[in-house]
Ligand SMILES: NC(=O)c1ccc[n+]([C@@H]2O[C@H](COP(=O)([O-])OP(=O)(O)OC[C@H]3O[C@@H](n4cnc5c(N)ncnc54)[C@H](OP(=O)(O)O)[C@@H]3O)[C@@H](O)[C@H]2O)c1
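Take a look at this one chain, the form predicted on its own, written out in structure tokens.
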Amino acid sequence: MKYITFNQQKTSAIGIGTWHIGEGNQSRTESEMQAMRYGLDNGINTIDTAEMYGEGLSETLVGNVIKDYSRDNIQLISKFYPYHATPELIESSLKASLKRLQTDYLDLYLLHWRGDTPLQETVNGLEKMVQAGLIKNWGVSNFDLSDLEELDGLENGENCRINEDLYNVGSRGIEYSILPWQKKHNMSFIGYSPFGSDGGEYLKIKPVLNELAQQKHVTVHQLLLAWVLRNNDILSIPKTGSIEHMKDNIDALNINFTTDELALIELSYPAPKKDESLESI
């Protein structure tokens, strides 16, 4: 397993994403739980979920898995809806998530995306949950640079540990200003949807990826994940529904790129040359 420094601690370079996990029939759910157990048994120590995912079904599945593991060895992340972003609703959402997850605290609790509640109110509510011992730290998701700058200027806004945005070879906008800003402010980054979501509908696979995958004797999905992880400085959270796919994800950690290979990819998927509107799925 490859590890990085994330949230000021040693963290597996890939976490376990859970979007659309726990929403199928019993057979599918059992396969998803087996995959999650395989990941945890083989060095992955971070799980990312949200109250939105299946309206609690994903959290419930995660809870049924992690109850058999030492809680101290797992970094557990969940998120709350923007319309639950007042101090009172943050507390009720959090307690509902904790019940589904069968735990008494979260390592990170994230505002899923920005809504109408003033950010200062949300920060106040999150700080209250830290003081209550229900969360260790908090963060945000789907925040653009202007959102991060505003947050940083608020009372206790500098306590934001994490921002989670879309990041894959076809969605590189965050590289221009968001990633540099977060590094400067010691804020860790989570990249979601390294494969462009479930069916890859948000990422066009160009010939260079197929050619490189064949040359390296890996799958295109493994290549995509390895590319996201190439700099050893972000956490990626691929969703995995089977042990086979979990093994593939873990094996992708061993894929390296030459300078020439990265340059070839760059020709088809160029880095941003200016600020771009934040993409999200």
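Note that this is a predicted model, so its numbers are computed, not measured. Just count from 1 along the sequence shown to find any residue number.
Same protein, other form: the form predicted in complex with the named molecule, not shown, and the subject of what follows.
The closest heavy atom approach of Q120 to the named molecule in the model of the complex falls outside 4.5 Å. Interface membership of T46, defined by any non-hydrogen atom within 4.5 Å of the named molecule in the model of the complex, is ruled out. Within 4.5 Å of some heavy atom of the named molecule in the model of the complex lies at least one heavy atom of I237. Interface membership of S177, defined by any non-hydrogen atom within 4.5 Å of the named molecule in the model of the complex, is ruled out. Of the residues given (P87, G196, G157, P82), G196 alone sits with a heavy atom within 4.5 Å of the named molecule in the model of the complex. Among the residues H245, R230, K216, R37, the one placing a heavy atom within 4.5 Å of the named molecule in the model of the complex is H245. Contact annotation: the named molecule lies within 4.5 Å of heavy atoms from the stretch 247-255 in the model of the complex, the single such stretch among 38-46, 59-67, 208-216, 247-255. The candidate spot formed by L148, S171 and P270 lies out of contact with the named molecule in the model of the complex, as no residue has a heavy atom within 4.5 Å of it. In this stretch, 163-184, the one residue having a heavy atom within 4.5 Å of the named molecule in the model of the complex is E164; the partner itself is omitted from this view.
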